[in-house]
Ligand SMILES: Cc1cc2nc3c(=O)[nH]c(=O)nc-3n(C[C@H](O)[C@H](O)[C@H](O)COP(=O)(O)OP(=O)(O)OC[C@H]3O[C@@H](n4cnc5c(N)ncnc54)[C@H](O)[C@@H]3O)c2cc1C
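Given next, in structure tokens, is a single chain: the form predicted on its own.
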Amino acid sequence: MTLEHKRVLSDADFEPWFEKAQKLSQLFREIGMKYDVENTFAYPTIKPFKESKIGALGIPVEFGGPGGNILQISKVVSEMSRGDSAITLAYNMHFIMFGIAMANMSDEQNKYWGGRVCGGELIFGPFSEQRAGFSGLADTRAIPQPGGGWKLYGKKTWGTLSEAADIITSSATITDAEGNLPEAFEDRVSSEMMYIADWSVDEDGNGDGVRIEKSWNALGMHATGTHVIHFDGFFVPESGYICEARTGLFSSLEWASLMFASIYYGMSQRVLEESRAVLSKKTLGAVFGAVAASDVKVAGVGHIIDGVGDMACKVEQNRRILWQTCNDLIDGYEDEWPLELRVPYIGLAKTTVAANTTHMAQKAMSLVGGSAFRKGTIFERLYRDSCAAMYQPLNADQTYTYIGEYLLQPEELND
């Protein structure tokens, strides 16, 4: 099935959900720097996030949820990201994966798993293969079992939220009984399944047929706790089969593109906020150089004024393109696009918002000055965290390739 993007939850009924996001945002802000330094998942956020039930915002009414639409979820993610983008990025995995899974599951599956999410449970989804990211066909093998279902063997990278999740949805390629992958490319594509299953690990990251390798050591986004997931006989029952992975993933990739865009929109708001707070008060005193004066307040310096104005414009651009893209889906405007361009056109929101935010983070470092380069400052951290955007789908290169290949097809040129 495919769930349409609709307006169901009224603005008034959405307000309490946004207030929950504001409270979580404040918590994230208070503890974010600590977990950035420690380079671990922000464990104290798990209980309040689950108790808020905010992860159920997008569950449709018919499956027991409030029926929040993609714009409302985007607003919630952006607000939390204003508090701390790395912590929010971890929980963003839940919003991405329940959106993709719900769009492809049967009604029976949606009622069961949606009910669990309404109870506060969280989903995570490690799809990336070491060799080719999320676009690589799964090397993880799903070996059929005599009594039904599959046992999984292999590993996935980028296992964000694995330490807090209760449910996993991911991809694996169904093999023959001996564990051999299909040889023909077409057979391999059709044998790659998206599945959903229970997820349970102990405090050391060990579970039944699965293990978390706590490997996260990256430039930024430290508090996400993104690790490698090893499968060694992890069981998925037949009822956990959702659909062919490639079809399901690309038919609902807006949940990844627009949720990632929401992270960076919230980050851009934080960059502007922190820059204003410093630059509106900073005084250089007497200087002689590019600027010469007996007492210089940087708020009166031309390039500082222009730089902050540029940032403010980019924040507003981010809001407009993100919210309008969400509204395009809700209003059905996507029907005006060629089917082949649906994924990259929706992805333009993510690539544009992310590029604006990365530009802002670098600009803030320059405007604030050398103190921003010191490790442990908010500007140094925002700069590092913004760099993650280039690796999340779709990135700019993928977007341009999808669009360019379509536009250069001879049959399209003849239209």
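A residue's number is simply how far along the shown sequence it sits, counting from 1. For clarity, every value in this text was computed on a predicted model and none was experimentally measured.
Below: the form predicted in complex with this ligand, not depicted.
**Q** Quick one: does G266 come within 4.5 Å of this ligand in the predicted bound form, counting heavy atoms only?
**A** Output for G266 is no: heavy atoms all beyond 4.5 Å of this ligand.
**Q** With heavy atoms only and a cut-off of 4.5 Å, decide whether G133 touches this ligand in the predicted bound form.
**A** Yes, contact at 4.5 Å.
**Q** Using a 4.5 angstroms cut-off on non-hydrogen atoms, would S128 count as touching this ligand in the predicted bound form?
**A** Contact with this ligand, yes.
**Q** Look up in the predicted bound form whether V77 has a non-hydrogen atom within 4.5 angstroms of this ligand, and give yes or no.
**A** Although this ligand is absent here, V77 would stay clear of it in the predicted bound form, with no heavy atoms inside 4.5 Å.
**Q** For this chain shown on its own, do N104, T247 and A349 all sit within 4.5 Å of this ligand in the predicted bound form, going by heavy atoms?
**A** Negative, none of the three is within 4.5 Å.
**Q** Heavy atom within 4.5 Å of this ligand in the predicted bound form: which of L253, L71, M93, A138 fits that? Just give me the one.
**A** Going through each option in turn, the one that passes is M93.
**Q** Among L258, L89, I168, V271, which has any heavy atom within 4.5 Å of this ligand in the predicted bound form?
**A** Answer to the contact question: L89.
**Q** Out of 273-281, 321-329, 140-148, 119-127, where are the residues with a heavy atom within 4.5 Å of this ligand in the predicted bound form?
**A** Every other range fails; the passing one is 119-127.
**Q** Quick one: name the residues from 243-272 with any non-hydrogen atom within 4.5 angstroms of this ligand in the predicted bound form.
**A** Heavy-atom contacts within 4.5 Å come from no residue here.
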